[in-house]
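In the block that follows, a single chain appears as structure tokens, in the form predicted on its own.
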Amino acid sequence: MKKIIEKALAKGAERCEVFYLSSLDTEVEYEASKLKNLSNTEEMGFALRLVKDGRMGYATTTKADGLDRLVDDAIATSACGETAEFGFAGATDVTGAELVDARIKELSIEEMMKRSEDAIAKLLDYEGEINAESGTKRRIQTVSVETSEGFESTQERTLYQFYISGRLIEGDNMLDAGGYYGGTAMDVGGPKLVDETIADFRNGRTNVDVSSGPTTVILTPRAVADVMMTMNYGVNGSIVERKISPLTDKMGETIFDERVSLYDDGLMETGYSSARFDDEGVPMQRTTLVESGVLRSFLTDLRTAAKLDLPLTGNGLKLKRLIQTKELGKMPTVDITNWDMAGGETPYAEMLAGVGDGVIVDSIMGIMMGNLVAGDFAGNVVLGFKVEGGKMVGRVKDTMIAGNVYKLLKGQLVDLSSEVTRVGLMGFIGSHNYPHLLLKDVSISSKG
């Protein structure tokens, strides 16, 4: 990497940054209870950002002997690149959570297959008619960043993913349920995910009608994660820069109920997006986004921090979002890591018992149908339950939910559970800790 920097500086670059990625993925997938896919995928490459004549150049290569071409291509692209208004990361010490779990490194394909097979067998032992799916994946990843300004560091991460899901069709009733885990450490709660999935099937086999209109709703941590996707856009520095975030110019103002505190935690223990530094060499950190309802921070990368004159938060990432991996050819942009919301003082069982009539929403499909930048969301309730007299009485079907995250967490929030549960979202970034949220007057529409 030093040679790349030396070559770039010798050819007229004023400053430069080299990013190196090496990744080995092993994955097994089961569909309809049968093995669908077994794969090993290896990736290696370099990405070079440089500034020449005040403009940004960028190039990548996956060939170890293509470094001269890498430099030449980056120099060439700088001729039509954007004006560079920021510097690259300088020398600094980086520390953080443990990112390597030896158990993941040693995990064999046979063991991975057995994990999914055992999960499917347990699900089918409950109900043999379930169309079951499961997958186990491990990733061994090395990332290095070095800059002409003096930053130089390497980090190795192990990543593990596991999911179990199923579909049960009984007459005209179709019921989907499942669970997912992702993190830098081996999941010790895989059997728990299966137990929770079985409980969802058991509770969801009886359908009940629910009335449309403003409704008392409990969002489970998984549903909170769905809804909070809209908040990602509000605190993203690049969207704030374009003045299309509803939070633009609201730093220091109250945006949520005073009981709400929210953090972007790049150092979360075993978090799927945890690392010691981001893809620009900026140390990751735990950033307070909202403190007691007050907006405290936006998320930044090097460019937006310089443009907005804001602190660096370590959120400059090269992510291929839908498959949760790094994309070598993508320039770093602002993205979230792991999110953590503080809980309240009421145990969930007590919260549920206090609900007269309402709906528990556990997962939402099509959340992106709303105007996410404005905080609006709308979607189908994939899994939800009607509550009567503080008890679940059955599953709600053909039901939609809609709202605005800023209104929900300010004027419609009734309570937060004291328990905070870690959840993950397949196809999206990070690990997330959320309480159950009790909300009033939520828009529910149903055919029932």
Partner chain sequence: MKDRMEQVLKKLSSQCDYLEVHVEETEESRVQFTGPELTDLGKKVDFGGNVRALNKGGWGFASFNSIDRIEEFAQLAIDQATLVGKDKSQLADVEPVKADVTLDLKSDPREVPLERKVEIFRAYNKQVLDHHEDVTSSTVRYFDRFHKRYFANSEGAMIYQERIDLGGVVAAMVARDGDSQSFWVGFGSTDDFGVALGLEGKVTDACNVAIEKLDAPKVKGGEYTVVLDPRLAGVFVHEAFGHLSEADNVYEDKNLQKVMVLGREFGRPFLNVYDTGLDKGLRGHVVYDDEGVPTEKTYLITDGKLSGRLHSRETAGKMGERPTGSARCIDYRYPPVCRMRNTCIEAGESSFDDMIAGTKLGIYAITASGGQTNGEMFTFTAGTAFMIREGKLAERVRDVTLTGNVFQTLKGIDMLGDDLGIHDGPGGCGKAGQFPLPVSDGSPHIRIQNVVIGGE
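This one's a predicted model, so the numbers in the text were calculated from it and none came from an experiment. Take the two forms, find the largest set of C-alpha atoms that superpose within 1.5 Å, and that set is the rigid core. Positions refer to the first chain, counted from 1.
Keep in mind the form predicted together with its partner chain is missing from the figure; the text below concerns it.
Worksheet item: Among 106, 125, 129, 93, which has any heavy atom within 4.5 Å of its partner chain in the model of the complex?
Response: Partner contact (heavy atom, 4.5 Å) among the options: 129.
Worksheet item: Here the chain is shown alone; which of 419, 398, 53, 388 has a heavy atom within 4.5 Å of its partner chain in the model of the complex?
Response: Here the answer is residue option 398.
Item to complete: Find out whether any non-hydrogen atom of residue 80 is located within 4.5 angstroms of its partner chain in the model of the complex, and reply yes or no.
Response: Judged by the heavy-atom cut-off of 4.5 Å, residue 80 is in contact with its partner chain in the model of the complex.
Worksheet item: residue 68: heavy atom within 4.5 Å of its partner chain in the model of the complex?
Response: Judged by the heavy-atom cut-off of 4.5 Å, residue 68 is well away from its partner chain in the model of the complex.
Discussion item. So in the model of the complex, is its partner chain close enough to residue 59 to count as touching (4.5 Å, heavy atoms)?
Written reply: Contact check for residue 59: yes, within 4.5 Å of its partner chain in the model of the complex.
Worksheet item: Applying a 4.5 Å heavy atom distance criterion, does residue 171 contact its partner chain in the model of the complex?
Response: Contact with its partner chain, yes.
Practice prompt. Given that the partner is absent here, state which listed stretch (369 to 377, 349 to 357, 154 to 162, 282 to 290) has heavy atoms within 4.5 Å of its partner chain in the model of the complex.
Written response: Checking each option against the 4.5 Å cut-off leaves 369 to 377.
Item to complete: Scan 244 to 258 and note down the residues that get a heavy atom within 4.5 Å of its partner chain in the model of the complex; none is a fine answer too.
Response: Contacting residues: 244, 246.
Discussion item. On a rigid core superposition, would residue 69 pass a 2 Å threshold for CA movement between the shown form and the other one?
Written reply: Residue 69: C-alpha displaced by 2 Å or more between the shown form and the other one.
Worksheet item: With both forms fit on the core, is the shift of the CA atom of residue 37 between the shown form and the other one 2 Å or larger?
Response: Yes: residue 37 shifts by at least 2 Å between the shown form and the other one.
Worksheet item: For residue 171, is the CA shift between the shown form and the other one at least 2 Å following rigid-core superposition?
Response: Residue 171 C-alpha, core-superposed: shift of 2 Å or more.
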